[in-house]
Ligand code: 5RP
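The chain that follows stands alone, in the form predicted alone, written as C-alpha cells.
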Amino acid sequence: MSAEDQKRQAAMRAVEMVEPGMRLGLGTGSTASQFVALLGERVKAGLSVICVATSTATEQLAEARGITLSTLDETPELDMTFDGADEIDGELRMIKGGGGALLREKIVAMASDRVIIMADESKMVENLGRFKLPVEVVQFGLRATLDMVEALASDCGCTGEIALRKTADGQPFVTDNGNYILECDFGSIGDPDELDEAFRFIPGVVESGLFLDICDVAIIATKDGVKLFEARRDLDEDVD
C-alpha cells in the first residue's frame, strides 16, 4: 500500500467520526485534502455540518465540494478539527506547517474540543526534527529574527541550517497571513517543550510548527491496517 493509499485509509476512518450538526475545523495538506474530499461525499449524501478552513487552499477545496463554510468569528467554538502532520512522535507531539498554514491550523485546533490527526506510518518518528521545523515570522526585521531564532535554538541544543522558505520560482514564500516561514533543519529536537518556549521570547516569531499537547487522537494508517492512538495527559483534579 502506497503512502497516498494510507493517507486515504486514515481519512476514511476519520470521516466516520463526523456526526450531523458538528462544527468542524478543516486542516491543510495532502491528508487533510483527502478528508475534505470524503467529507464532501457525505455532505452530498445529506450530512449537515459547518466547517472552518485553515487556509485559502482548503477553503477553495471545501467550496468545490459543496461544504458549508464559516469563520472563527462566526463560529468560535468547534467540535473537532481534522488535520494531518509532517511528523508525530509517540507522545503525539507534532511538527506541522509543511503546507504553510501552521498559524491558522494552531488557532483552529485550539478552538476545538478535540483534534484528530490523520497520517500515514511514514510520519511516525521517535524524535521530532527530521522534518525541517517551520517557524512563521513577520517580514520586518527578518535578519534580526533569524539570528535570534538561531541563537535561542542553539541554547536549547538545536543547531543546523535555518533558511527562508521559497517558492518554485525562487521568491520568498508568503503565508495567507502575509508572513514568511523559516525552515529549521535541526535533525533532532531533544526537548520540544523547551524550544517552543524559547521561540516565545522572540518578538518577530509569530508561531512555530511545534504542536505540543494538541493532538487528542492520532489515526495512523499502516501496512497492517489503521491504528488509533489516544493522548495520555496527566490532569490535576481538584478534590473536595
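In this text the structure is predicted, and so the values were computed from the model without any measurement. Note that residue numbering begins at 1 and tracks the sequence as displayed.
The next section is about a form of this same protein that is not shown, the form predicted in complex with ribulose-5-phosphate (5RP).
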{"query": "4.5 angstroms heavy atom contact with ribulose-5-phosphate (5RP) in the predicted complex for Ser208", "finding": "no"}
{"query": "Non-hydrogen atom contact Ser70 with ribulose-5-phosphate (5RP) in the predicted complex at 4.5 angstroms", "finding": "no"}
{"query": "is_contact(Ser188, ribulose-5-phosphate (5RP)) in the predicted complex, heavy atom dist at most 4.5 Å", "finding": "no"}
{"query": "Distance check, Gly100 to ribulose-5-phosphate (5RP) in the predicted complex, heavy atom within 4.5 Å", "finding": "yes"}
{"query": "Interface segment, criterion being heavy atoms within 4.5 Å of ribulose-5-phosphate (5RP) in the predicted complex, picked from 193 to 201, 43 to 51, 62 to 70, 27 to 35", "finding": "27 to 35"}
{"query": "Option touching ribulose-5-phosphate (5RP), based on a heavy atom within 4.5 Å in the predicted complex, out of Cys158, Leu128, Val115, Ala85", "finding": "Ala85"}
